[in-house]
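Just the one chain here, laid out as structure tokens, in the form predicted on its own.
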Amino acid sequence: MNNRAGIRESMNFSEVIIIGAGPAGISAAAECLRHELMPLIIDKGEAGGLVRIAHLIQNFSPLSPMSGRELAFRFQEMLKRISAPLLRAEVIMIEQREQTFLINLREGPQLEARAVILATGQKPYVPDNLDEFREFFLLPGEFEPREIATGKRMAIYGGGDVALDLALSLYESGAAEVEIFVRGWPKACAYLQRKINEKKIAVTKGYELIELGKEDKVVRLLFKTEQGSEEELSFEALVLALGWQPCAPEMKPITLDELFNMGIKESGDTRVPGLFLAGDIKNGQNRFIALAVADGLRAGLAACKYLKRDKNRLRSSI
């Protein structure tokens, strides 16, 4: 009992900490507050998450269609309205203890919580053969199209929704030229492919990017074509948009991969008591905003139920 009392008195203690201030994290916070539980949200980036990079969102009723930037602003306004505290910091490790979790920040004090909701989303995928050329390309979410595109010749490598969506954003931001390179065939939705055709944005198929270089302000792209030949092209900037992979801080003693192997419930419950997942980090390729919001609500509710059970268990043991 004394140990728990000491935890409660700590200035760095929260009943529940939500890591990630995107649609899932903000929705989880709103559900916690509905049950009169004040969460602490931690995110190193801009509230609203990567939804802000979308050119146009059509499948989030009843608020669509609207730009990703506008929808991110709506989530930011929601965060202000619910008055949940947001800490601007980078979480580098989550350590599971007997009764709590320790949250280690890159800069700042160590935090402690009885429950953690991991809503950290996903990060752009970079294949091993291109990782050594990291300084030569941009990734989705690292830039604002209107700030870098004007008058420039831009290349995008990738054929999914994000690649074609970014191409439209760069085109409408004043790029002198936008060309998409795809190893196979574009896999983006029909709407995006139609818009790319309408804007007459070039899509070059059957090109595999194998090497990068840079001279002055020009990026050199070396491709292997489907015929087996090599071709070198030059652009002023390259964006790599090849998909996504889970994004999470280091975890101890159970890693994220081990957590997935043990199974995640639809509600976001994991096999680690008090740890919940919500949003894109849980859903893989099912990257729908509506699903992230629903996940956040379910994880928030599951965390509240867990904390209530934990309190009841504590009382019965005293």
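For every residue, the number given is its place in the sequence shown, counted from 1. Computed from a predicted structure; not experimentally measured.
Keep in mind the form predicted together with a small molecule is missing from the figure; the text below concerns it.
Heavy atoms within 4.5 Å of the small molecule in the predicted complex belong, among the stretches 87 to 95, 178 to 186, 204 to 212, 232 to 240, to residues of 87 to 95. Proximity of Leu40 to the small molecule in the predicted complex: non-hydrogen atoms within 4.5 Å are absent; the residue sits far from the partner. The closest non-hydrogen atom of Lys265 lies beyond 4.5 Å of the small molecule in the predicted complex.
Mapping the unseen interface onto this chain, Leu256 falls outside it, with no heavy atom inside 4.5 Å of the small molecule in the predicted complex. Contact annotation for Ala278: at least one heavy atom lies within 4.5 Å of the small molecule in the predicted complex. Comment: the small molecule is not present in this chain, but in the predicted complex one of Val272, Ala30, Met251, Ile53 has a heavy atom within 4.5 Å of it, namely Ile53. Put simply, of Trp244, Phe223, Phe101, Phe137 only one has a heavy atom within 4.5 Å of the small molecule in the predicted complex, and it is Trp244.
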